[in-house]
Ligand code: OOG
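Below, in structure tokens: the form predicted on its own, a single chain.
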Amino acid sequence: MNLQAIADELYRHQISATELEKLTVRYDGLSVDDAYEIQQICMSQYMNAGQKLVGWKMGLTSKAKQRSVGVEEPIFGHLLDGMELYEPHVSLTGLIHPRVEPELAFIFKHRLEGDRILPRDVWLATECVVPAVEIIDSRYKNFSFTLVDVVADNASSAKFYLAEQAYAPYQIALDQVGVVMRRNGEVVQTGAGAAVLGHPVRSVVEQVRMLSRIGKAVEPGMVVLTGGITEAIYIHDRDQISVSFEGMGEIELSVGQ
């Protein structure tokens, strides 16, 4: 099976923001390992075109979501500098069917690597924690995919925004941070940090362990998005999204063409 050709096809659909049929429908026998290889090839194409790797994102970080797709661990994707929003505004241009979800992001001052990482290692390596929102966008028709498909598609990464205020990693019990997401003033989702593997630090632990399998690490200055605290919601032109993080402020995100 030609993974390079499959990655080339997926990359074309990513940069053109056009839907495609699920890979697993057309390429029988694709494995999760194949999917991560496809993801890596796609991301290398972005980086060869000038983008830089700035971090990692975790997906399927709730046990309910894992059970729903029959897996026992999260998935991960790459974060590139071209994905980061520098103002709390997201353009719908270049997106197919975007959704937004609230997250907590870790930013690191020391390298984290290896398969024996512990939460205390994460805390010692963390510079700060920042409220964030991620805009996800599957390239597959009808936002429908299998585990293999979504891994290949960089875990549905599209855009992300980090709040301006950072917090010391020891300042707040992140599993107890309550989150309320509103769309145009109406409450649409609520949750708490414990929705992310019981505690967001566990998401970073899993991220480092999973990266160790492919010889990679979390490097100083990198961002790790730990996973959605609530379900993601669709966004539309002129929506106003507000996400309040208990004890950590609020993100106001505007949506437009």
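Fair warning: this is a prediction, and the values are worked out from it, not measured in the lab. We number the residues from 1 along the sequence you see.
What follows is about the form predicted together with the named molecule, which we do not show.
- Task: Heavy atom within 4.5 Å of the named molecule in the model of the complex: which of F108, F160, F145, Y167 fits that? Just give me the one.
- Result: It is F145 that has a heavy atom within 4.5 Å of the partner.
- Item | in the model of the complex, the residue from A155, V179, V129, M83 that sits within 4.5 Å of the named molecule by heavy atoms | Filtering the options by heavy-atom distance leaves A155.
- In terms of non-hydrogen atoms within 4.5 angstroms, which of the given stretches 209-217, 226-234, 25-33, 47-55 touches the named molecule in the model of the complex? Only one stretch qualifies here: 226-234.
- Would G191 count as touching the named molecule in the model of the complex under a 4.5 Å heavy atom rule? Result no; G191 lies far from the named molecule in the model of the complex.
- Verify the contact flag for M43: yes if a non-hydrogen atom of it lies within 4.5 Å of a non-hydrogen atom of the named molecule in the model of the complex, no if not. The answer is no: M43 has no heavy atom within 4.5 Å of the named molecule.
- Message: How about E101 - does it come within 4.5 Å of the named molecule in the model of the complex, if we only consider non-hydrogen atoms?
- Response: Yes, contact at 4.5 Å.
- Message: I'd like to check something about H199: if you look in the model of the complex, is any of its heavy atoms closer than or equal to 4.5 Å to a heavy atom of the named molecule?
- Response: Result no; H199 lies far from the named molecule in the model of the complex.
- Item | Interface residues of 132-150 toward the named molecule, as seen in the model of the complex [heavy atoms, 4.5 Å] | Read in sequence order, the residues that approach the named molecule (within 4.5 Å, in the model of the complex) are E134, I136, F143, F145, V150.
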